[in-house]
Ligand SMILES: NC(=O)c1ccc[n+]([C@@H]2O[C@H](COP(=O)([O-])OP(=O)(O)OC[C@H]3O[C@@H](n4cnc5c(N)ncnc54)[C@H](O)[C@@H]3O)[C@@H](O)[C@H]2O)c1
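Below sits a lone chain in C-alpha coordinates, taken as the form predicted alone.
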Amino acid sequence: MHVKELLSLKEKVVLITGGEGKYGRCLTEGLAEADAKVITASPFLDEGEKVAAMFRERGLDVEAAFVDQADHESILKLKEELKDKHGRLDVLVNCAVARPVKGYNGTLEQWKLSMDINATGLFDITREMADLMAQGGGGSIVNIASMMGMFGPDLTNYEGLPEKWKDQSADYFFHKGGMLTLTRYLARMLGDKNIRVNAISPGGIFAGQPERFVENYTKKVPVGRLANNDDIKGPVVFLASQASAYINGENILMDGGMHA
(Lines give C-alpha, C1' and ligand atoms only; values in the text may rest on other atoms or scores of the structure.)
Protein backbone atom coordinates (compact mmCIF):
# COMPACT_ATOMS: atom_id res chain seq x y z
CA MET A 1 0.00 0.00 0.00
CA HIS A 2 1.24 3.49 -0.86
CA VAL A 3 2.40 5.45 2.18
CA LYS A 4 -0.16 8.18 1.48
CA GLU A 5 -2.90 5.56 1.69
CA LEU A 6 -1.41 4.16 4.88
CA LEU A 7 -1.61 7.60 6.52
CA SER A 8 -5.04 8.47 5.13
CA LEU A 9 -8.07 8.48 7.41
CA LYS A 10 -10.53 8.79 4.55
CA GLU A 11 -13.93 7.26 5.40
CA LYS A 12 -12.85 6.75 9.02
CA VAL A 13 -15.10 7.90 11.85
CA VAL A 14 -13.07 9.47 14.66
CA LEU A 15 -14.28 10.49 18.11
CA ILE A 16 -12.08 12.87 20.08
CA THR A 17 -12.95 13.92 23.60
CA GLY A 18 -12.10 17.50 24.48
CA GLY A 19 -11.45 18.37 20.85
CA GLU A 20 -12.24 22.03 21.49
CA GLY A 21 -9.38 22.47 24.01
CA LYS A 22 -5.77 23.61 23.69
CA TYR A 23 -4.30 20.37 22.38
CA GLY A 24 -7.69 19.12 21.25
CA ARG A 25 -8.00 21.70 18.48
CA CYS A 26 -4.62 20.70 17.06
CA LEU A 27 -5.63 17.05 17.13
CA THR A 28 -9.06 17.68 15.64
CA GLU A 29 -7.50 19.72 12.85
CA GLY A 30 -4.87 17.10 12.04
CA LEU A 31 -7.32 14.21 12.01
CA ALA A 32 -9.75 16.12 9.79
CA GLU A 33 -6.91 17.19 7.46
CA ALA A 34 -6.19 13.47 7.04
CA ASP A 35 -9.76 13.22 5.67
CA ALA A 36 -11.44 11.68 8.71
CA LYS A 37 -14.99 12.36 9.82
CA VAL A 38 -14.24 13.88 13.25
CA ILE A 39 -16.67 14.20 16.13
CA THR A 40 -15.45 16.27 19.07
CA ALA A 41 -17.31 15.55 22.30
CA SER A 42 -17.28 17.31 25.67
CA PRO A 43 -19.66 18.97 28.14
CA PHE A 44 -18.92 22.31 26.48
CA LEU A 45 -21.14 21.87 23.46
CA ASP A 46 -21.34 25.55 22.53
CA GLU A 47 -17.56 25.83 22.34
CA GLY A 48 -17.39 22.53 20.48
CA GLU A 49 -19.90 23.79 17.92
CA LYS A 50 -17.84 26.95 17.39
CA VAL A 51 -14.68 24.95 16.78
CA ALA A 52 -16.47 22.50 14.47
CA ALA A 53 -18.01 25.36 12.48
CA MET A 54 -14.60 27.02 12.14
CA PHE A 55 -13.12 23.83 10.66
CA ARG A 56 -16.13 23.22 8.41
CA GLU A 57 -15.56 26.66 6.88
CA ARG A 58 -12.21 25.28 5.72
CA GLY A 59 -13.90 22.26 4.15
CA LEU A 60 -13.02 19.86 6.98
CA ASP A 61 -15.57 17.29 8.15
CA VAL A 62 -16.00 18.08 11.86
CA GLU A 63 -19.05 18.04 14.10
CA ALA A 64 -19.63 18.49 17.82
CA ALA A 65 -21.46 16.31 20.32
CA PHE A 66 -22.20 16.42 24.02
CA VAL A 67 -20.79 14.04 26.59
CA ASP A 68 -20.24 14.24 30.33
CA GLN A 69 -17.38 11.84 30.93
CA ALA A 70 -18.31 11.55 34.61
CA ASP A 71 -21.82 10.32 33.71
CA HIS A 72 -22.20 6.74 32.49
CA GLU A 73 -25.62 7.39 30.97
CA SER A 74 -24.23 10.32 28.99
CA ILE A 75 -21.50 8.07 27.59
CA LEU A 76 -24.04 5.43 26.60
CA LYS A 77 -26.17 8.10 24.89
CA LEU A 78 -23.18 9.29 22.86
CA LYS A 79 -22.37 5.69 21.92
CA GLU A 80 -25.89 5.17 20.60
CA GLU A 81 -25.82 8.49 18.72
CA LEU A 82 -22.60 7.49 16.99
CA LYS A 83 -23.99 4.09 16.08
CA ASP A 84 -27.27 5.50 14.77
CA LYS A 85 -25.71 8.34 12.78
CA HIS A 86 -22.46 6.81 11.54
CA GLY A 87 -22.92 3.07 12.00
CA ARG A 88 -19.51 2.52 13.51
CA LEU A 89 -16.46 4.03 15.20
CA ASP A 90 -12.95 3.56 13.84
CA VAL A 91 -10.79 5.73 16.11
CA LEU A 92 -11.08 7.07 19.65
CA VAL A 93 -8.75 9.83 20.83
CA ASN A 94 -8.91 10.38 24.58
CA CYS A 95 -7.88 14.01 24.97
CA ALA A 96 -10.35 15.40 27.53
CA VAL A 97 -8.90 16.38 30.90
CA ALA A 98 -10.31 18.18 33.92
CA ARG A 99 -8.04 20.15 36.26
CA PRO A 100 -10.16 20.76 39.40
CA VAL A 101 -7.42 20.18 42.00
CA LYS A 102 -5.93 23.46 43.20
CA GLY A 103 -2.33 22.67 44.03
CA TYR A 104 -0.75 20.24 46.48
CA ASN A 105 -3.20 21.22 49.24
CA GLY A 106 -6.28 20.92 47.08
CA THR A 107 -9.27 19.36 48.82
CA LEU A 108 -10.17 15.70 48.68
CA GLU A 109 -13.46 16.73 47.06
CA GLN A 110 -11.45 18.26 44.22
CA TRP A 111 -9.38 15.07 43.98
CA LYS A 112 -12.51 12.88 43.84
CA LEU A 113 -13.98 15.02 41.05
CA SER A 114 -10.75 14.71 39.10
CA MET A 115 -10.78 10.93 39.46
CA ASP A 116 -14.47 10.73 38.45
CA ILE A 117 -13.63 12.36 35.14
CA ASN A 118 -9.99 11.54 34.47
CA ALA A 119 -9.82 7.98 35.80
CA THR A 120 -13.26 6.37 36.14
CA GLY A 121 -14.70 8.38 33.26
CA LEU A 122 -11.72 7.67 31.03
CA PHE A 123 -12.07 3.94 31.55
CA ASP A 124 -15.85 4.08 31.12
CA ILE A 125 -15.83 5.92 27.79
CA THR A 126 -12.93 3.85 26.48
CA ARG A 127 -14.61 0.55 27.31
CA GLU A 128 -17.92 1.60 25.74
CA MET A 129 -16.36 3.03 22.60
CA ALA A 130 -14.10 -0.01 22.25
CA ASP A 131 -17.26 -2.12 22.23
CA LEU A 132 -18.65 0.00 19.40
CA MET A 133 -15.33 -0.32 17.54
CA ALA A 134 -15.38 -4.09 17.96
CA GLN A 135 -18.84 -4.25 16.41
CA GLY A 136 -17.36 -2.70 13.27
CA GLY A 137 -14.32 -4.96 13.12
CA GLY A 138 -11.77 -3.04 15.16
CA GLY A 139 -9.91 0.25 15.18
CA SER A 140 -7.39 2.36 17.02
CA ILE A 141 -7.42 4.10 20.41
CA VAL A 142 -4.99 6.95 21.03
CA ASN A 143 -4.60 8.23 24.59
CA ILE A 144 -3.22 11.74 25.00
CA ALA A 145 -1.11 11.41 28.12
CA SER A 146 1.72 13.75 29.17
CA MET A 147 5.40 13.73 30.00
CA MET A 148 4.09 14.57 33.48
CA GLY A 149 2.80 11.01 33.64
CA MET A 150 6.38 9.81 33.17
CA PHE A 151 8.40 12.25 35.27
CA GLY A 152 7.96 14.31 38.41
CA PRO A 153 7.56 18.09 38.23
CA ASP A 154 10.65 20.06 37.25
CA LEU A 155 10.28 23.05 39.54
CA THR A 156 13.28 24.80 38.01
CA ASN A 157 11.01 25.67 35.09
CA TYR A 158 9.34 28.18 37.39
CA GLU A 159 12.43 29.96 38.72
CA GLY A 160 11.88 33.71 38.71
CA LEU A 161 8.10 33.33 38.70
CA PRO A 162 5.61 33.73 41.58
CA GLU A 163 5.63 30.81 44.03
CA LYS A 164 2.14 29.73 42.95
CA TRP A 165 3.62 28.45 39.69
CA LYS A 166 5.51 25.79 41.64
CA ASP A 167 2.35 24.50 43.32
CA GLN A 168 1.75 21.62 40.93
CA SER A 169 -1.39 19.53 41.43
CA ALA A 170 -0.78 15.84 42.06
CA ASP A 171 -3.89 14.54 40.30
CA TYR A 172 -2.59 15.34 36.80
CA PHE A 173 0.62 13.38 37.37
CA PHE A 174 -1.38 10.55 38.93
CA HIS A 175 -3.95 10.02 36.21
CA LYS A 176 -1.58 10.65 33.28
CA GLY A 177 0.76 8.01 34.71
CA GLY A 178 -2.20 5.69 35.12
CA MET A 179 -3.24 6.36 31.54
CA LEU A 180 0.07 4.92 30.31
CA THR A 181 -0.41 1.71 32.26
CA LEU A 182 -4.03 1.54 31.11
CA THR A 183 -2.77 1.85 27.53
CA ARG A 184 -0.62 -1.25 27.92
CA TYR A 185 -3.41 -3.12 29.71
CA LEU A 186 -5.96 -2.36 27.00
CA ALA A 187 -3.51 -3.24 24.23
CA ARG A 188 -3.48 -6.77 25.65
CA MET A 189 -7.18 -6.96 26.48
CA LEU A 190 -8.48 -5.61 23.16
CA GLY A 191 -6.00 -7.25 20.81
CA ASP A 192 -8.34 -10.11 19.93
CA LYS A 193 -10.95 -7.51 18.87
CA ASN A 194 -8.53 -5.99 16.36
CA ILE A 195 -8.21 -2.82 18.43
CA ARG A 196 -4.80 -1.23 18.95
CA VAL A 197 -4.15 1.11 21.89
CA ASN A 198 -1.28 3.59 22.04
CA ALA A 199 -0.43 6.85 23.77
CA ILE A 200 1.27 10.16 23.10
CA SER A 201 2.99 12.01 25.95
CA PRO A 202 3.48 15.64 24.92
CA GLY A 203 5.74 18.11 26.63
CA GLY A 204 4.82 21.76 27.00
CA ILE A 205 2.97 23.52 24.20
CA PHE A 206 3.41 27.26 23.76
CA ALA A 207 0.28 29.05 24.94
CA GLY A 208 1.42 32.52 25.85
CA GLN A 209 3.34 31.55 28.99
CA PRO A 210 5.49 34.21 30.69
CA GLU A 211 8.81 34.93 28.99
CA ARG A 212 10.79 33.70 32.00
CA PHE A 213 9.04 30.31 31.92
CA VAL A 214 9.71 29.96 28.19
CA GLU A 215 13.38 30.82 28.76
CA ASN A 216 13.73 28.33 31.65
CA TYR A 217 11.98 25.58 29.73
CA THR A 218 13.45 25.90 26.25
CA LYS A 219 17.08 25.91 27.38
CA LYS A 220 16.53 22.25 28.40
CA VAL A 221 15.07 21.23 25.04
CA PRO A 222 17.52 20.26 22.25
CA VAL A 223 15.18 21.61 19.54
CA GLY A 224 15.14 24.91 21.44
CA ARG A 225 11.42 25.58 21.82
CA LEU A 226 8.10 24.48 23.26
CA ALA A 227 5.78 22.44 21.07
CA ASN A 228 3.65 24.30 18.55
CA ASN A 229 0.17 23.59 17.25
CA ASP A 230 1.38 21.35 14.42
CA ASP A 231 3.76 19.12 16.37
CA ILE A 232 1.14 16.67 17.65
CA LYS A 233 -0.74 16.31 14.36
CA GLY A 234 1.71 13.83 12.84
CA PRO A 235 1.89 11.45 15.80
CA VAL A 236 -1.90 11.27 16.25
CA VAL A 237 -2.59 10.68 12.55
CA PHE A 238 0.18 8.06 12.49
CA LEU A 239 -1.25 6.16 15.48
CA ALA A 240 -4.82 6.46 14.21
CA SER A 241 -3.96 5.19 10.74
CA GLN A 242 -2.81 1.95 9.12
CA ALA A 243 0.71 3.38 9.01
CA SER A 244 1.07 2.18 12.62
CA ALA A 245 -0.72 -1.16 12.13
CA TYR A 246 2.05 -3.09 13.90
CA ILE A 247 2.44 -0.68 16.81
CA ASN A 248 0.44 -1.52 19.91
CA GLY A 249 0.74 -0.71 23.61
CA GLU A 250 3.35 2.00 23.00
CA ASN A 251 3.87 5.56 24.18
CA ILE A 252 5.44 8.32 22.08
CA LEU A 253 7.26 10.87 24.23
CA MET A 254 6.90 14.13 22.29
CA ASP A 255 9.11 16.55 24.22
CA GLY A 256 11.65 17.84 21.71
CA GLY A 257 14.36 15.70 23.28
CA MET A 258 14.01 17.22 26.75
CA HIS A 259 14.43 13.82 28.38
CA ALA A 260 16.84 12.31 25.84
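Here the structure is a predicted model, which is why all the values come from computation and not from measurement. All residue numbers refer to positions in the sequence shown, first residue = 1.
Keep in mind that the form predicted together with this ligand is missing from the display, and what follows is about it.
Screening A96, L190, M133, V101 for any heavy atom within 4.5 Å of this ligand in the predicted bound form leaves a single hit, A96.
Interface residue among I141, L89, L78, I144 relative to this ligand in the predicted bound form, by the heavy atom within 4.5 Å criterion: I144. In the predicted bound form, no residue of the candidate spot (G30, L182 and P235) has a heavy atom lying within 4.5 Å of this ligand. Contact check for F173: every heavy atom lies farther than 4.5 Å from this ligand in the predicted bound form.
Interface membership of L186, defined by any non-hydrogen atom within 4.5 Å of this ligand in the predicted bound form, is ruled out. In the predicted bound form, this ligand lies farther than 4.5 Å from every heavy atom of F55. Put simply, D68 is close to this ligand in the predicted bound form: some heavy atom of it is within 4.5 Å. Picking from 102 to 110, 81 to 89, 160 to 168, 68 to 76 the stretch near this ligand in the predicted bound form, with a 4.5 Å limit on heavy atoms, gives 68 to 76. Although this ligand is not shown here, in the predicted bound form the stretch 183 to 212 places heavy atoms of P202, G203, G204, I205 within 4.5 Å of it, in sequence order.
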